[in-house]
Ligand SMILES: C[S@@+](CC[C@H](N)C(=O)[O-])C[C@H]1O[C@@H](n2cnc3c(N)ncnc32)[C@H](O)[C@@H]1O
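In structure tokens, the next block holds one chain alone, the form predicted on its own.
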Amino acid sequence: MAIARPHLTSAPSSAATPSTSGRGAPALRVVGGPATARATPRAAAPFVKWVGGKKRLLAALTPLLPRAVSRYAEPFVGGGAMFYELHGRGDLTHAVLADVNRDVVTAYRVVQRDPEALISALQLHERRYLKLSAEGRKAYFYKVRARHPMDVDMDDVERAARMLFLNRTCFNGLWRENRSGRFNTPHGRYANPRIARAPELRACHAALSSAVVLERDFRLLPQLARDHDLDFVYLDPPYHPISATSAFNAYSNGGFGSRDQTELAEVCAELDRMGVRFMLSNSDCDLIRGLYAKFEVREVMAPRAVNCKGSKRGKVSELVVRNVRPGLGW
């Protein structure tokens, strides 16, 4: 499915050129009438709908953040709600955003470097999709889903547009991959989904202008902390399942099992030895409590957003782990 859009200019693979201020686009001044008004730039917020995203939990998490954060990393970036929160405060001088999912990383890099090309591609998807009947929309969705980057040559803009189109039109916005790395969530039934979302993407572009976006495994985090002189890391990994029916961690092929959780706890222990502050979210279960027993472990109540039955959605207990101790400036 060819997508007409502007040419994607080349850029280094690890980061965009930082802006001079690192704080995004300046406010616009509107002149006219008896007074001069200043338009407030749109606050950046996640442009990807991500299961387990922290947008609705920020009110519970932000009081637990360190008093000052400057050099930040988020190794399971997903929707990036915590990054946008910290960026909006104006605290960050440097941020490293990483994920193992190539589609997520590609989408972030395209929003960072060439948002207008992405917006054009998404607007084309939106026009084609919204004019169709219910059956036509379903067929269009599955046609886009079947056209996978592993099978078809596509550049970064086309790949990012495919990812965001599927994310905004699939069932519950659930990004799920099978063991072969293929997205397999079925079509959703939204009457009028907003697919292009140009203002939101432009706001995210401004926020990401001075960030480093990487495709990295969490096991490389200690080296990233050294390379980027990090002072705080927020970790939001795939949660350990608390029951057989809650076992969703297939954001990328391979999943995230007990061994991964154990290795992540070892990475956090290494960060603590390095003097890097960290905060981690995970499910409230015996495995996670045991792995982080030597650190501060708190409970927070979080909304459960993913269940095929609305009656089973509600609030559940989650854990927040912090390495609060003497010598670290919390």
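Predicted model, so just to flag it, every value in this text is computed and none were measured. In case it trips you up, residue 1 is the first one in the sequence shown, and so on.
This protein has a second form, the form predicted in complex with this ligand, left out of what is shown; the following refers to that one.
- Checking 222 to 230, 118 to 126, 133 to 141, 93 to 101 against this ligand in the predicted bound form, the stretch whose residues place heavy atoms within 4.5 Å of it is 93 to 101.
- Residue contact with this ligand in the predicted bound form: residue 203 places no heavy atom within 4.5 Å of it.
- This ligand in the predicted bound form is not approached by residue 183, whose heavy atoms all lie more than 4.5 angstroms from it.
- Although the partner is absent here, residue 236 is a contact residue: one of its heavy atoms lies within 4.5 angstroms of this ligand in the predicted bound form.
- Residue contact with this ligand in the predicted bound form: residue 165 places no heavy atom within 4.5 Å of it.
- Residues of 53 to 79 lying near this ligand in the predicted bound form, listed in sequence order, are 53, 54, 74, 75, 76, 77, 78, 79, the criterion being any heavy atom within 4.5 Å.
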